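Taking the form predicted on its own, here's one chain by itself in structure tokens.
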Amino acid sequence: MSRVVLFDEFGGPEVLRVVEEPAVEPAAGEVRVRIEAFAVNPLDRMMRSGTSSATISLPHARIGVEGTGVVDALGHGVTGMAIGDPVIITAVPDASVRGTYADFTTIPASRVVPRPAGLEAEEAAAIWVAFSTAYGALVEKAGMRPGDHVLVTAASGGVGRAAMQIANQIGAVPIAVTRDSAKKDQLLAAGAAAVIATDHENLVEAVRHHTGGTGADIVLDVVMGPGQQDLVQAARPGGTLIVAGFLDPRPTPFPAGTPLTIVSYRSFEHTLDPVVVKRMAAFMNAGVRLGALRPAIDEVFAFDDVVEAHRHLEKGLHEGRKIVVTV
């Protein structure tokens, strides 16, 4: 039998419940993964609350888009891996059916990668989504190079923290943006070469100061909204603005002023491409081996405390550090 977290109606954390069900056998081309840990992702909250754009059939919906574990069974035709291999799940085709909040889940074999040696299960559960998003945006889409000045918005968030580590691994210069001066020290400790706190500094002037007057080569905007115009002005002519999120729900004016390459990025562009996933996994393995990449973990909960884990997420005090549940 397998413990599985389900919900039968949309609502707060209390709608989640743990039940026991038979473990499903993997179909052709699939593997069954015995989950060791999963991270609580904001997408999970959207699924649970009914605000996700994905179609979710109720009742009896599963949940979870992040996770790590070991291969427990192989479907027909699966090659290149063996039972007992530790893996990270890179994408869940249908989280309401195959969600990672469980003892076991089945997944296409193409949607797992080997777990980097040296990562504990809690870290492995927390690394893929944020780091693959930041890597895909900065490396695959924006072509980040050594020496580039990279302006990172919402830098204390999960993607922001990952972006700074990835920039440092490549030899670029991450400049963190935050609205709160109190976060400066923690962002410097997280890898920022410089921190701009917009509650006390003019963003455009500060970027010019930190880049020798030229402006940022790459701007990673995961916020959008009216503040994007300041980011445009802070970029150098010919630079790249990559839009990878929408934390600010207010309308975003059309970017005007500095001539830029403007790119929109969504992580599924790359996490569903096996060629790019292979590059992502190789980069992540190298970063972990060198000590350059490491996820920040806020708190670890036991499986039976999954409701409390979601309540903790609702409080919003984790500041980009991952909330993890061990199985």
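Numbering starts at 1 and runs along the sequence shown. Since this is a predicted model, take the numbers as computed values, not measurements.
As for the form predicted in complex with a small molecule, it is not shown, yet the points below apply to it.
K.L.:
If you check in the predicted bound form, do V129, V159 and L247 all have a non-hydrogen atom within 4.5 Å of the small molecule?
P.N.:
All of them do, each having a heavy atom within 4.5 Å of the partner.
K.L.:
Taking 4.5 Å between heavy atoms as the contact cutoff, choose which of H60, R266, K278, R289 touches the small molecule in the predicted bound form.
P.N.:
Only one listed residue qualifies here, and that residue is R266.
K.L.:
Pick from I107, L231, A95, V222: which has a non-hydrogen atom within 4.5 Å of the small molecule in the predicted bound form?
P.N.:
Among I107, L231, A95, V222, a heavy atom within 4.5 Å of the small molecule in the predicted bound form occurs only for V222.
K.L.:
Sort through 232-240, 148-156, 81-89, 68-76 and report the only stretch with a non-hydrogen atom within 4.5 Å of the small molecule in the predicted bound form.
P.N.:
Heavy atoms within 4.5 Å of the small molecule in the predicted bound form occur in 148-156.
K.L.:
If we define contact as a non-hydrogen atom of the residue within 4.5 angstroms of the partner, is G50 a contact of the small molecule in the predicted bound form?
P.N.:
It does not: once the small molecule is placed as it appears in the predicted bound form, G50 has no heavy atom within 4.5 Å of it.
K.L.:
Should G29 be classed as touching the small molecule in the predicted bound form when contacts are defined as heavy atoms within 4.5 Å?
P.N.:
Flag for G29 set to no.
K.L.:
Counting only non-hydrogen atoms and a 4.5 angstroms cut-off, does Q165 reach the small molecule in the predicted bound form?
P.N.:
It does not: once the small molecule is placed as it appears in the predicted bound form, Q165 has no heavy atom within 4.5 Å of it.
K.L.:
Is K183 near the small molecule? Define near as a heavy atom within 4.5 Å, in the predicted bound form.
P.N.:
Yes - in the predicted bound form, heavy atoms of K183 and the small molecule come within 4.5 Å of each other.
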